[in-house]
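First comes one chain, alone, set out as C-alpha cells in the form predicted on its own.
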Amino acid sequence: MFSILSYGRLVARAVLGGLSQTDSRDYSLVTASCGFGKDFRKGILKKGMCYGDDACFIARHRSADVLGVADGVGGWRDYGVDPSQFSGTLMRTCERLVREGRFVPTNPVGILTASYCELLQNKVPLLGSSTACLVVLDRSSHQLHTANLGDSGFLVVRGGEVVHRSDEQQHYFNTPFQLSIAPPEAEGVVLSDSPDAADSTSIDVQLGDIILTATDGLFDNMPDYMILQELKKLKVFL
C-alpha cells in the first residue's frame, strides 16, 4: 500500500484485502492497511488505526472477515472538536462487536447500527460526524456483504478490472450522508443520517479478488487506472 501513498498526501486512507483459500470450503482475506492525514507533519498514526480524521479496522471471526473505514467530518474542528474522535471510536466499536461475535455476516448495517447506538448511549459525550463503509466476507458462502454510508466506499477488482464498486451517497455537493452526534442545542440542525440509510449490497467473490475500501481521499484523487496500476504491483505479495 505504500506505493499508493507515494502519489501524494491527499490519499487519506485505504484497506486492502486479497482472497486466499484456507480449505475446500472457506475463504479468508489477506489484509493490509495504510494511510495518512492531510497534514502528515503532525504524525501518521494516532491511537488505534486512525489516519488524520479517518479511521479503519480489520477484524476476524470464525464466520467472517470484516473491513471498515470511516471519514471524520473536518468541519467539527471549527467548534473545537477533534473529528478523528468520532470516526475512530465508531470503527473501534465495530471491531469489538465483530471480535465478540455480536453480528450477522449477511447484515453489515446491523454492525453499524449497534456501534452507533453505543456511541449515542456513551456516558461521556462524544460529538462529531463521519461517513462509514463496512464490507463483510462470509467465509462459507463466499459472498461479500457491504454497507456504505456517504462518500467512502469500496472496489472489487478481478483480473485487473473493477467488477463492482459502491455507490456514493451525497445530499448535495461536498455533503455526504453521515452519522452524527450533536450537542442538545444543535439537534435537528446538524445533518445526521440513520445507519439504515446505508447502501447495502451482496455479491459473489472469487479466489484472487482484491477488495479495496477507502475514504474519498483516495477516490477523489486517484482515477481507476492509477489504482489498478498500483494493485497490479501489490498482487504479487498477496
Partner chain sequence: MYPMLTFLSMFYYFCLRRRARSGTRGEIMNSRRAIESNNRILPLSVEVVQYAKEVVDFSSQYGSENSLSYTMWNLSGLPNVYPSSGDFTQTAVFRTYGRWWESCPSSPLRFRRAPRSFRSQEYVELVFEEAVYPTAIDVLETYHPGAIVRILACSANPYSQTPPSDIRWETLWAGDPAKVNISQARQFTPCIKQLNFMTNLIRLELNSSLLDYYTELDAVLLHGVRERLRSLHKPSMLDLDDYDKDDHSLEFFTGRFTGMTLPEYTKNGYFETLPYELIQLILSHLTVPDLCQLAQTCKLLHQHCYDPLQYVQLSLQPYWTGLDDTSLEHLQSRCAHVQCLNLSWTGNRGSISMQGFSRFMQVCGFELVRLELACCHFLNETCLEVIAQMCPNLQELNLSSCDKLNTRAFCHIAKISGLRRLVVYRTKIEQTALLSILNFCLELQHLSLGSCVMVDDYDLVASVIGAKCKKLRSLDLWRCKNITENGIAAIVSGCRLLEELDLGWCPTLQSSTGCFIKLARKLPNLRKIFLTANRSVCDTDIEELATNCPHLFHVDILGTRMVSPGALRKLLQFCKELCLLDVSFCSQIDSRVVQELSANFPNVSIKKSYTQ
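Everything quoted here is computed from the prediction, not taken from an experiment. Residue numbers count along the first chain shown, from 1.
Unshown form predicted in complex with the partner chain; subsequent notes refer to it.
The partner chain is not drawn, but in the model of the complex it has a heavy atom within 4.5 Å of N122. The partner chain in the model of the complex is approached by L127, whose closest heavy atom lies within 4.5 angstroms of it. Contact check for E161: no non-hydrogen atom falls within 4.5 Å of the partner chain in the model of the complex. The closest non-hydrogen atom of L97 lies within 4.5 Å of the partner chain in the model of the complex. Of the stretches 27-35, 58-66, 191-199, 178-186, only 178-186 has residues with a heavy atom within 4.5 Å of the partner chain in the model of the complex.
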